[in-house]
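What follows is one chain in structure tokens, specifically the form predicted alone.
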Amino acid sequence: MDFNFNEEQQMVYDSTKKFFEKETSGTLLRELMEDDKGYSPEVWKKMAELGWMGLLFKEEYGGFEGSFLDFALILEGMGKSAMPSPFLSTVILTGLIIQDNGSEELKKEYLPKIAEGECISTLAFLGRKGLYSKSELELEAKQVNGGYRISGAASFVPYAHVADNILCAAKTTDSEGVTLFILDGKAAGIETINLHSISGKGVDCLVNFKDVQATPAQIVGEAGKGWEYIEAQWPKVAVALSCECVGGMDRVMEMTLNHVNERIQFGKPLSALQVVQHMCVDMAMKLETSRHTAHYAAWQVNEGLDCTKEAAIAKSWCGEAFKVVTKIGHQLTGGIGFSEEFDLFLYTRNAKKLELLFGDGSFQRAIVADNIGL
């Protein structure tokens, strides 16, 4: 692949960068960490007006049938701004699953709303242990009078408290496997509890389901195949998160270079010290190798190639590299870098979150091992 941006991709990257520079600030990010909503409805609306929510959807469902590479660049810009939003959960975790597997009726009902930014969606499938495993699912759907009653709990569900729709994965008693149901986020029997996590007060939720009613028409795809549908999106999610890591590393390096060039110590800037230069080079190496790894995996997704291994490599490398880059940033910025007045701590939080989200390095390396026959 050609790692250089073409003219259209450069425009996407530049416009995304300008958008977040204009619409986000350290002050806003600090406010959102304490906000129960966990995102900015105003910024969300403007993102929708730019067409980002519908980029990957087909035109017949209100989308633009755009490139996954363009989508990856948007995620990179989002990572650089550290802007929290339900973008990933709405577009990939629910939207693409519905587009790839849902009935025509479900596609026409939900995808245009997502593309227009009129609804927020999320995926509920993690158990209390937070393990990404089919065996850890705690939701169960029992068949009753031609319909279903869903009970149990799902943990770490992003933006469930503000979601218009929740796609939930439940073990079904009438089929061997997991079935996906698309539910109204405010349906009777659904209780959401905000979890105060590293992401802030308004991002992750515990969702309790108590005899929530669902009909066969609300099943996405075939009954019993829900886990396979989730796994099919795993590479796209891993690549998207890897691109967020790249954007975050890019911003951390900018902040760090600005500091070491401006900070005068013993009559000269810190950047004049060889050891500081070496540490900055280490940051640059982590950033550039991560960018190439993430972009290569994004290109494979865009080309429709099997990239399970490459996506896992990207997520493993980028997630751990982001954490290392923020660590070096703290070392070079000293005391100011450890204060909440300096924006670096926002990226340190993001680095830890993105490292763990949808599988840490050990989890991803196990996927790589399976794919090379180990």
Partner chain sequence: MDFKFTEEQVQFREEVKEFVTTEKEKGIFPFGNNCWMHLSSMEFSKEVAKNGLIGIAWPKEHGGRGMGYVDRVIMLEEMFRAGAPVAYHFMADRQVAPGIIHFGSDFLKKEFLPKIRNAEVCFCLLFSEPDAGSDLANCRTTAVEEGDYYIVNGQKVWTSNGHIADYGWALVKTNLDPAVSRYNAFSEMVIDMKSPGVTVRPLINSAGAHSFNEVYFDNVKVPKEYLVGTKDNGFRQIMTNLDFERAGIERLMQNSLTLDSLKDYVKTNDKGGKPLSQDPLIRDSIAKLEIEFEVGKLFIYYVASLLDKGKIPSYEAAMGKTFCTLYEAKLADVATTLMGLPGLLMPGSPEAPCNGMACEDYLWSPSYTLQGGVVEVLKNIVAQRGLKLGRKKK
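This structure is a prediction, so every number in the text was calculated from the model and none was measured. Numbering follows the first chain given and starts at 1.
Keep in mind the form predicted together with the partner chain is missing from the figure; the text below concerns it.
Chemist: In the predicted bound form, which of the listed residues (A217, A272, A232, A187) lies with a heavy atom within 4.5 Å of the partner chain?
Modeler: Only one option qualifies, and that one is A272.
Chemist: Please tell me which of A48, L55, L69, L28 lies within 4.5 Å of the partner chain in the predicted bound form, judged by heavy atoms.
Modeler: It is L69 that has a heavy atom within 4.5 Å of the partner.
Chemist: In the predicted bound form, does each residue in the set Y296, W317 and I336 place a non-hydrogen atom within 4.5 angstroms of the partner chain?
Modeler: Judged in the predicted bound form, Y296, W317 and I336 all sit within 4.5 Å of the partner chain.
Chemist: Heavy atoms within 4.5 Å of the partner chain in the predicted bound form: which of the stretches 102-110, 77-85, 261-269, 179-187 has them?
Modeler: Going through the listed ranges, the match is 261-269.
Chemist: Flag H330 as yes or no: does it have a non-hydrogen atom within 4.5 angstroms of any non-hydrogen atom of the partner chain in the predicted bound form?
Modeler: Yes - in the predicted bound form, heavy atoms of H330 and the partner chain come within 4.5 Å of each other.
Chemist: At the 4.5 Å heavy atom threshold, is W227 in contact with the partner chain in the predicted bound form?
Modeler: It does not: once the partner chain is placed as it appears in the predicted bound form, W227 has no heavy atom within 4.5 Å of it.
Chemist: Is there a heavy atom of L356 lying 4.5 Å or less from a heavy atom of the partner chain in the predicted bound form?
Modeler: Within the cut-off, so yes.
Chemist: Is the gap between C119 and the partner chain in the predicted bound form 4.5 Å or less for some heavy atom pair?
Modeler: No, C119 stays farther than 4.5 Å from the partner chain in the predicted bound form.
Chemist: What residues in 215-246 sit within 4.5 Å of the partner chain in the predicted bound form, counting heavy atoms only?
Modeler: The stretch 215-246, when checked against the partner chain in the predicted bound form, contributes no residue at the 4.5 Å heavy-atom cut-off.
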